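In structure tokens, one chain follows: the form predicted alone.
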């Protein structure tokens, strides 16, 4: 098999994988954590064994969908952080971007963060923590990198940036999960309250010299 043929086959496989993920997205938007491999296979017009051939099991499909949605969310969060505004406005915009994302697609959020709610008899061993924790870990590391690049935190700044990054993500996730389930206040009120909680130390930190600013 020559290089051109292998490249064509890879492109075809990548295109087919994207089509299957789009079919899975449609089912997740409809069914949330109750989305099943059977329903996804039916939506894609294939049999379940073919779906397994591409993703292995529900955990493999979950991981692929998680990467797809986390990539999009991180792009949106970076855009909010880079917006031409003062620091407080960017903090509020970043919090609002996260909350708006989970509000707009609550079924996707529940599929990613509460997959066990929809566990089927054949899904034994689907560990919520094993699959959802890496999403939060990745977001925490990404935010830590942004904080380290933009703020002068003094000696031990790298460790402090990671503490802040993971702490802020944990706060956003826990508060957002509670808010999405109970809706005790408006999104704008929650954003202001969370920003108030964060603001003291963030306001006091200076921008890193030569960095893009925070």
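All values reported here derive from a predicted model rather than from experimental measurement. For clarity, a rigid core is taken as the largest C-alpha set superposing within 1.5 Å between two forms. Positions refer to the first chain, counted from 1.
What comes next is about the form predicted in complex with the DNA, which does not appear here.
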Any non-hydrogen atom of residue 175 within 4.5 angstroms of the DNA in the model of the complex: no
Interface membership of residue 47, the DNA in the model of the complex, 4.5 Å heavy atom rule: yes
Partner proximity in the model of the complex: residue 158 to the DNA, non-hydrogen atom cutoff 4.5 Å: no
The DNA contact at residue 36 in the model of the complex, heavy atom, 4.5 Å: yes
One residue of 57, 43, 31, 149 in contact with the DNA, assessed in the model of the complex (non-hydrogen atom, 4.5 angstroms): 57
In the model of the complex, segment of 48-56, 65-73, 23-31, 164-172 with a heavy atom within 4.5 Å of the DNA: 48-56
Heavy atom within 4.5 Å of the DNA in the model of the complex - qualifying residues of 164-187: none
Displaced residue check between the shown form and the other one: residue 57, CA, 2 Å or over, core reference: yes
